[in-house]
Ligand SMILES: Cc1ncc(COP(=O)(O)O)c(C=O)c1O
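Let's start with one chain on its own, the form predicted alone, as structure tokens.
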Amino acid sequence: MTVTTPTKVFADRIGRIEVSATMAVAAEAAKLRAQGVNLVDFGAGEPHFPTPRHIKDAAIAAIDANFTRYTVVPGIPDVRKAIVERHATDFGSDYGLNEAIFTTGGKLALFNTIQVLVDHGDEVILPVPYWVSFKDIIQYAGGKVVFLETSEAESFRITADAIEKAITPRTKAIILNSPSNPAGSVVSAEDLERIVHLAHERGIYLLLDECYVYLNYAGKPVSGGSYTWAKEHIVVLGSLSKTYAMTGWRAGFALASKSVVANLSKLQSQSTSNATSFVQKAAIAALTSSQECVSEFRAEFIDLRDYMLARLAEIPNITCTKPEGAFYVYPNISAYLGKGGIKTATEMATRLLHEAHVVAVPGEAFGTREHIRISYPVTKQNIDEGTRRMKEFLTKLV
């Protein structure tokens, strides 16, 4: 009897993606910590604050009340009500309960949206530098990424003119992450409105990653969801992770037209089903209670940003744009490439980790070759120590 061996084991689509670079860095750092190495961690993309007490209490109360069973797939009505009302209050949007879905983290909202909207060969415009997962999620769906280069001299600013030039007959979607990870760049209100017009008039979906929308230091936070006349072609992708220091809770959402949300719910029904029941109760507490914690977090992030920039300025030949939002800096380390056998930002990040014991994420993960990403929600003592180690390491390179 002849046994036929399959020519391949894994599906083609899994070969179109890579392991998340930020997760890979975290895993390598964890190995060193387990060996007793004292690291200064500038890698993690999360606030250093604990989740506020009232949010934790809401989850504990839900567990104690045995609110631990399945819920409807898009989230209980109360959590969707909290989402749409918070967004309406802050940004003037106008979504109904059937235009909102609660997801297991903001990343799932993005992943499902791309799966629902992007088909093989569809083009998706993606500004550079970009958050690590955007490219891979688009490629996993079979889409073609159209990279939109930005200028470091202009603080990586995304403009409507640049977006318009990148549009082709095959453009299906545009992704905007503002404020952005990794550079902290912010799309101006004027450019955002023009981009909304461009997308809506051409029938292109505008996917708005608003993960850091409340961490806008350039002015009043702005959401594309406020342009209610363009709702048909807008998907707001939100997360409670950064706003309320809830990264491990996996609490995200999407706001979109009824038809888009119906399809997101259909896909979610065949994957995760509902997000964790008691996390939904915690999310309600976060969204409906006093927002004072958000203002407090924002103020400290601004202080830490300025402190980090001042410390980086003390390292010779390091240049860095001033981020207008989020909680990262994206220094240019090109002056040190070619020294000490270091040729790439990835090699730089690896050497910093193993020799200086400083965790950073290489720019290649975000689409650039001359930068590293540093996350600054840490203590000022850690900023002092981490930048001291960086300076010592870099200035010894020959």
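Heads up: residue numbers just count along the shown sequence, starting at 1. Only a predicted model underlies this, so the values are computations on that prediction, with no experimental measurement involved.
One more form of this protein should be noted, the form predicted together with this ligand, which is absent from this view; the next part is about it.
- Contact annotation: V235 falls outside 4.5 Å of this ligand in the predicted complex, judged by heavy atom distances.
- When this ligand is considered in the predicted complex, H87 lies well away from it, no heavy atom lying within 4.5 Å.
- At least one heavy atom of S241 is located within 4.5 Å of this ligand in the predicted complex.
- Contact between D209 and this ligand in the predicted complex is found at the 4.5 Å heavy atom cutoff.
- The three residues F102, Q268 and N274 each lack any heavy atom within 4.5 Å of this ligand in the predicted complex.
- The chain is drawn here without this ligand; in the predicted complex, the stretch among 281-289, 138-146, 191-199, 174-182 whose residues come within 4.5 Å of it by any heavy atom is 174-182.
- Only one of R250, R311, R298, K81 comes within 4.5 Å of this ligand in the predicted complex through a heavy atom, and that residue is R250.
- Of the residues Y205, Y328, Y227, Y95, just one reaches this ligand in the predicted complex with a heavy atom at 4.5 Å or closer; this is Y328.
- Contact annotation for 100-118: residues with any non-hydrogen atom within 4.5 angstroms of this ligand in the predicted complex are G105, G106, K107, listed in sequence order.
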